[in-house]
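Single chain ahead, by itself, as structure tokens, in the form predicted alone.
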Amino acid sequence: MARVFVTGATGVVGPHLLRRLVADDHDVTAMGRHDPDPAGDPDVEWIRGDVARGRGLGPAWRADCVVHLASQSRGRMDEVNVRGTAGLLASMRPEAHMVYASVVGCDRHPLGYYQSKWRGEQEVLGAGRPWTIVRGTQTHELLWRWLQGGPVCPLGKGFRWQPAAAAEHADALADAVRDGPQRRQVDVGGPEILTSEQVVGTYEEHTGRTAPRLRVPAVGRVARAYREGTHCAEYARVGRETWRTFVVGHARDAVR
């Protein structure tokens, strides 16, 4: 059993990870900027905190392993992804293991968020402590939220996606905790690579709803990277749940 501290625990992956860590008999403390689900696991100690402001990091010093899920995808991203990561590392014991949740292609994709996550990785690599970086592709839940949000959706024509279930991302992170410091990057992806047209078509077929469309020109370096699949990991197709299975399940739940 290890003492594990999880940041960003109220996000999409966090609840799945907490359940897995508790099932693995770890002593788990979770931190988020928001209150947790009141029906959450009573075996998890919860605190409110903010990585960007250095609040709530006390449990990091007691932890054998820190799983850093907290992330910022817009606005002042480096406050969380870079400086927040550096502050968290400084709050840990030198022998503690950092498991850093990152994104596939962050070292090559020109999108600002990807570049910010890559800079966060450099903080981990330069800290001189045990580490494992787990890079993941997009989650089903992220694409679903985009398609539900409207009227604009960033699924540009010909863009490629490799969505994976959030629970499968969580399993990869929990495996990294179990296996101990790898001092290497682990890539996690979904079971298939789809174009935006395939993603949208499956959504519309099984929900009966019209998906929002991209309303800005899909041009430039960022669009090219999305079309080339820079953010995909064809060599790491470890996921089992397909996008179609996810959509069918969510569409069924919506009509109950």
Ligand SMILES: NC(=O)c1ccc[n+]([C@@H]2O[C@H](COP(=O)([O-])OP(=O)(O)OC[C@H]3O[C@@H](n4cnc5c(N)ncnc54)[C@H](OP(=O)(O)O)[C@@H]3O)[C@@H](O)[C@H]2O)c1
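This is a predicted model, so every value here is computed, not measured. The first residue of the sequence shown is number 1, and the count goes up from there.
Beyond what is shown, the protein has a form predicted in complex with the ligand; the following relates to that form.
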Using a 4.5 angstroms cut-off on non-hydrogen atoms, would residue 80 count as touching the ligand in the model of the complex?
yes
With the partner left out here, check for me: in the model of the complex, does some heavy atom of residue 103 sit within 4.5 Å of the ligand?
yes
Any chance residue 26 has a heavy atom within 4.5 Å of the ligand in the model of the complex?
no
Does the ligand get within 4.5 angstroms of any non-hydrogen atom of residue 86 in the model of the complex?
no
116, 120 and 230 all contacting the ligand in the model of the complex, non-hydrogen atom within 4.5 Å
no
Proximity to the ligand in the model of the complex, single hit among 69, 199, 66, 30 (heavy atom within 4.5 Å)
69
Of 192, 41, 204, 50, which one comes within 4.5 Å of the ligand in the model of the complex, counting heavy atoms only?
50
Taking 4.5 angstroms as the heavy atom distance cut-off, pick the stretch from 95-103, 154-162, 124-132, 174-182 that is near the ligand in the model of the complex.
95-103
